[in-house]
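Before any questions on how it binds or moves, here is one chain, the form predicted on its own, in structure tokens.
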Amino acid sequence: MDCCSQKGNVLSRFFKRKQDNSFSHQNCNTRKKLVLVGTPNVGKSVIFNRLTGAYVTVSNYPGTTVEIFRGTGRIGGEIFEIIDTPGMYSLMPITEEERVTRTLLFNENFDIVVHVVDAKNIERMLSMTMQLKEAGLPVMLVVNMMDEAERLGRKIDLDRLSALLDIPVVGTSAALNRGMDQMRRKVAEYVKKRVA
């Protein structure tokens, strides 16, 4: 399912947004696509809301009762379709939610897959980062809740982590809107680099 499958609903939201803040419609086929993945409770939904604002579409994935959140946001001068997926622990699904996320990842073409992890528990979450990378997906790592990790005295060398994983890494505290501008910049740079 893509953004055009609910054209009436999506277009009405675009027109509403255009009236509100001059947000112009961009053809669904030329729009970049960003998907957020990660385990439950890592702040994906907060990041989704920061990137999209209030206008989103919620629908069940076909044939399931699993909800998928879709919205749009402007990143680096371009309009992105942004999808928030149900929580998953690995690409080897056990639950229906994980199966839906895995199916979504491999059935839609994304310009960037943003893996969101909790900075306090980063060690046990990086195995999924490696799975996403090994699957050939265009992955960027967002280490969220940096403020909470810092309060616990944890320091994470994001540059070193990026070099070790060979993917872009950014630290955020999305609930505080900290690091979100840097995340948008890194998303725009990564997508442009892939196109070039």
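Everything numeric here is computed off the predicted structure, so don't read it as measured data. In this text, residue numbers run from 1 along the sequence as written.
In what follows, reference is made to the form predicted together with a small molecule, a form of this protein that is not presented.
Which listed residue (P40, G63, G153, G136) meets the criterion of a heavy atom within 4.5 Å of the small molecule in the predicted bound form?
Partner contact (heavy atom, 4.5 Å) among the options: P40.
Candidate spot L34, E78 and N109, all three in 4.5 Å heavy atom range of the small molecule in the predicted bound form?
No.
Specify the contacting stretch among 86-94, 122-130, 70-78, 100-108, defined as having any heavy atom within 4.5 Å of the small molecule in the predicted bound form.
Residues of 86-94 come within 4.5 Å of the partner.
In the predicted bound form, is there a heavy atom of the small molecule that lies within 4.5 Å of any heavy atom of M140, even though the partner is absent here?
So M140 does not count as contacting the small molecule.
Give a yes/no on whether A175 approaches the small molecule to within 4.5 Å in the predicted bound form, heavy atoms considered.
Looking in the predicted bound form, residue contacts with the small molecule include A175, since a heavy atom lies within 4.5 Å.
Using a 4.5 angstroms cut-off on non-hydrogen atoms, would V169 count as touching the small molecule in the predicted bound form?
Result no; V169 lies far from the small molecule in the predicted bound form.
Just checking whether S59 would be counted as a contact of the small molecule in the predicted bound form - the rule being heavy atoms within 4.5 angstroms.
S59 lies outside the contact set for the small molecule.
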